[in-house]
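Before any questions on binding or motion, here is one chain by itself as structure tokens, the form predicted alone.
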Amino acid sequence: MLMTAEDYRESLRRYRPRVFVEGAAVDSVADEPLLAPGIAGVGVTYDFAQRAEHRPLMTARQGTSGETVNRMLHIDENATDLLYKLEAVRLVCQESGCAQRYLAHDALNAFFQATRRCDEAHGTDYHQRFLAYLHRVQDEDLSLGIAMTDAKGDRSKRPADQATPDVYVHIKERRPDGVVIRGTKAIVTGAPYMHEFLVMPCRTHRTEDAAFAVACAVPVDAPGVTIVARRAGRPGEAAAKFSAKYGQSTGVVIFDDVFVPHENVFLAGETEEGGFLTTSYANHHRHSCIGARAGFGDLLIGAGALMIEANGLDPDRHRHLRDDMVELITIVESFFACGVAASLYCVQDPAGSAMPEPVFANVGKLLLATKIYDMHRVAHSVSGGLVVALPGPDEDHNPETQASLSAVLAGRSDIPAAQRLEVSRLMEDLTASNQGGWYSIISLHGGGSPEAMKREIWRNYPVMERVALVERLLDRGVLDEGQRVSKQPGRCCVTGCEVPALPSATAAS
């Protein structure tokens, strides 16, 4: 059954996770003010699925069950599914900045592929276990936290070589009815207000790292789970025009000898499939990040246009402002176009699902990761210095200063000063506050660092096809009998040519 945002909030009361935020224990996640903006952000994915105008994007028919499910929990079957998911993520992030729940979609799709692959290679029954889990999650319309990024410890050492093994989540004990896991996941989006965690490896593993190649599902309030989280957004701050309503908490999740029954274990030591799971998730997630950051870019474009208007300027008459706005639009739509291409040129997986084309997905994510700072720069350029120079919102109601500030801080005569200040504070919140810095960091490192995207682009790009293309052009004068006439060094015959030795001083004399 599809939930509403209010249903989702109420459902959190059924769980009693051990959560700490800013040094204090949280009795009720659903009622904690410091987490309210995060819960509201996730709530958008629920309410939008209920709206008739958004339902085609926000819901889908799950092929393995025939049921209508939330798009954020759907297994993509074709290019249309991927394109709709991309648009759905952009839509909910236009409203919330970052709706967070799309990570569940990305992980579920990766688990669907990896468990099928593992069964075929090893004769396991992980895929059937996972399908049963998937259908329950879809039926209950749950929100899942993706526990992927381990604490890692000494980055120069592999998991089995760490002085403290708990910097990676690993199987500590195998029992007849399940496994016991232990370790730490360092960055879990929305951790305090999820229903369950999907635990998965964050890297490829060697054979000696087999204990760390574990993938499973764990309720947030399972015995032994502790969540140490940061507040979501900027709750309660008058100047936080956006992030007081919508934000995101991230948490460190500690698994202290947590028992996982067999039905919730989807990999347990299969290192090759664990590596595939990691790579597959990264590809799906980078594709989703494109939609998410395009939605955030839409907020910057709209706020920038409003700031220009409130300042009394016109992009049609002031070319530098038009050029800046076009640069911002170009950045956003360039990486989004990569997401569209990754959808349309998708790769069909043997499991029956569709994978975003990896080169386009990684190029799009690399663009947004490196261009997020340019997006902020352009937004600041078109907005002017008032974004960070205006007095705090308490002065708006100070009888000693209100009248004079309203007079001098107005722009256009037909736009009240209060409206100009509202837009300025919104732009500050999105780009120049600690929340703005947070958007930059998650854009840069969310889904992997830029180096990870570069490796995937190089690994998947058909460089040798391009080499063959140029070789054909160089050899376009080939005779009928196939003799090469190219003068490319070392390539004028099948065996290649030996490079002549440089003349020696003895020979010259």
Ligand SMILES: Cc1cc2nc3c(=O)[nH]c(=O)nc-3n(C[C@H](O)[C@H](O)[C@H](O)COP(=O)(O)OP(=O)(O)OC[C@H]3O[C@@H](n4cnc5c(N)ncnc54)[C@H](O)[C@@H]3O)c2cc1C
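None of these values were measured; they are calculated from a predicted model. When you see a residue number, it is the position in the sequence shown, counting from 1.
Heads up, the form predicted in complex with this ligand isn't pictured, but that's what we're talking about next.
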Check your understanding: Hey, in the model of the complex, is Thr189 touching this ligand, heavy atoms inside 4.5 Å?
Key -> yes
Check your understanding: Using heavy atoms and a 4.5 Å limit, would one call Glu451 a contact residue for this ligand in the model of the complex?
Key -> yes
Check your understanding: Is there a heavy atom of Ile441 lying 4.5 Å or less from a heavy atom of this ligand in the model of the complex?
Key -> yes
**Study point:** 4.5 Å heavy atom contact, Ile290 and this ligand in the model of the complex
**Key:** no
Point to revise | Contact residue in the model of the complex, chosen from Cys118, Met375, Ala213, Leu103 - any heavy atom within 4.5 Å of this ligand | key: Leu103
Point to revise | Selected contact from Arg61, Arg472, Arg459, His445, since only one has a non-hydrogen atom within 4.5 angstroms of this ligand in the model of the complex | key: His445
**Study point:** Listed range touching this ligand, judged in the model of the complex by heavy atoms within 4.5 Å, from 253-261, 418-426, 142-150, 106-114
**Key:** 142-150
